[in-house]
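Encoded as structure tokens, the following chain is the form predicted alone, with no partner shown.
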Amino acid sequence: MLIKLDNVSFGYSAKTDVLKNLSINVPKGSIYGFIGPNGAGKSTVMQLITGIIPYNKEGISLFEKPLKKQIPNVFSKIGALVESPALYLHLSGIDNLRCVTTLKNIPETKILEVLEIVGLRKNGNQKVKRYSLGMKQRLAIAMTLLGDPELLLLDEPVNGLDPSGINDIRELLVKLNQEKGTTIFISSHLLDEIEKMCTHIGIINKGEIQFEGTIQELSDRESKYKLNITTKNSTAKKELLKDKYNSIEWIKENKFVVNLDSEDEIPLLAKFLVQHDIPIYELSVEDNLEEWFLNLTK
């Protein structure tokens, strides 16, 4: 486990615990999505892992060693973007990266390499104040990549981006994970994006972990596949449908929901409808992650 928190409790005052016996396990080579509502403790966890908030007790380990025994040397293996990126707007993208290479004693040859990775090589000499929000976010990620980190810690990296920018960042992170083997710990509230890019997930609410596991384990835990179906001629076939699927629930005329036990039953349902002259206008599987998130954090 590249990141391990074992029964970590923390509060900003003696009266209030932000985190309560929190345990997290982030496997090497994973993209771990850390999600929760506002105020759940996501940013606090990020700040503890990066040492922004000192934690002198036992319980936080990076690279299978206690964090407090590795500070500050461990940060040579970590790239972190916590909250808003700190950029010098009056400088170019290259000069912003040069500040980091100077501070970390990294060869300047890495600058063009990371700009290429994030798709900003053509904009390297442009002043950052002329960058779009998405370009600034990619430049911030480029900063975290200087030094070839084994672990990336990203706090809401797509916050405020348009759909195109979100897609660019997602593709970049998946590419880094697959081609370089970089382990990525990413906090976000965008459930759809987490489901698309992550291999593992942790759901936190009120400082406590509600679920942790792979995306597949999350799907398996939700035993039913809920299908929303829009059709025609379903009213006349109500009894036939009820006999076949006793879990059926009508939302309105010609629109109903069916719960299935497995993914393999979906094409069989579609075949049944067509065979019985019930045309399908829409068939969609309800988002398991969103449903779980709402159930766990309500």
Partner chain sequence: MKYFFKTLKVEFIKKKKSGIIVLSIIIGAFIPIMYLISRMYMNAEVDKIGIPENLYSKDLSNVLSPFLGFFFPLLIILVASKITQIDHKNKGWNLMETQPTSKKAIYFSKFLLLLISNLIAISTFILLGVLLSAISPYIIDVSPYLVKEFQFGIFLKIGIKIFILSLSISAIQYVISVKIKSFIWPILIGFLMMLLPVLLSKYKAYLFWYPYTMLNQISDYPRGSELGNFFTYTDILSILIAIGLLYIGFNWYRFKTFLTAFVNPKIKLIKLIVVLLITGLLITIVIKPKHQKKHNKTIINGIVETDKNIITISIHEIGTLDTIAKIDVVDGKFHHEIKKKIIPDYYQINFESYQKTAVFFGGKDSLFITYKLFGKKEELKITGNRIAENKKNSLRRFRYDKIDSYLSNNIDIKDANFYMKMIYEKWQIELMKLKSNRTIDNIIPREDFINRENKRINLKYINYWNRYKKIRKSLYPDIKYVVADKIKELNTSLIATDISMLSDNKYFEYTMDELIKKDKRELSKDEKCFDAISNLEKGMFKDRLMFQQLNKSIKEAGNKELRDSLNKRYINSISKKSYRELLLKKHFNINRLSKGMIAPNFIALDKNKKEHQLIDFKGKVVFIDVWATWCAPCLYESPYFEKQALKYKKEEVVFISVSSDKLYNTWLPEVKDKGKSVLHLHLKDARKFASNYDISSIPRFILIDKKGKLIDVNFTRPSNKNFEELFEKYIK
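In this text, the rigid core denotes the largest set of C-alpha atoms whose superposition between the two forms falls within 1.5 Å. Source: prediction; values computed, not measured. Numbering follows the first chain given and starts at 1.
Here the subject shifts to the form predicted in complex with its partner chain, a form of this protein not shown in this document.
So, S23, P66 and L154: all three within 4.5 Å of its partner chain in the model of the complex by heavy atoms, or not? No, none of the three is in contact.
Counting only non-hydrogen atoms and a 4.5 angstroms cut-off, does N56 reach its partner chain in the model of the complex? Because a heavy atom of N56 falls inside 4.5 Å of its partner chain in the model of the complex, the answer is yes.
Touches its partner chain in the model of the complex: L91 (any heavy atom, 4.5 Å): Because a heavy atom of L91 falls inside 4.5 Å of its partner chain in the model of the complex, the answer is yes.
Might K104 be said to contact its partner chain in the model of the complex, defining contact as any heavy atom within 4.5 Å? K104: yes, in contact with its partner chain in the model of the complex.
Taking any heavy atom pair closer than or equal to 4.5 Å as contact, tell me whether I52 reaches its partner chain in the model of the complex. Result yes; I52 sits at the interface with its partner chain in the model of the complex.
Choose one stretch from 163-171, 81-89, 200-208, 179-187: the one whose residues place a heavy atom within 4.5 angstroms of its partner chain in the model of the complex. Every other range fails; the passing one is 81-89.
Which of these residues, V158, M143, I194, L120, gets a heavy atom within 4.5 Å of its partner chain in the model of the complex? Selected option: M143.
Scan S76, S132, N228, T214 and let me know which has any heavy atom within 4.5 Å of its partner chain in the model of the complex. Selected option: S76.
Of 245-265, which residues get within 4.5 Å of its partner chain in the model of the complex if you count heavy atoms? Counting only heavy atoms within 4.5 Å of its partner chain in the model of the complex, no residue of 245-265 makes contact.
On a rigid core superposition, would S76 pass a 2 Å threshold for CA movement between the shown form and the other one? It does not, since the S76 C-alpha is displaced less than 2 Å between the shown form and the other one after the core fit.
Large Cα move at G124 between the shown form and the other one, threshold 2 Å, rigid core: It does, since the G124 C-alpha is displaced 2 Å or more between the shown form and the other one after the core fit.
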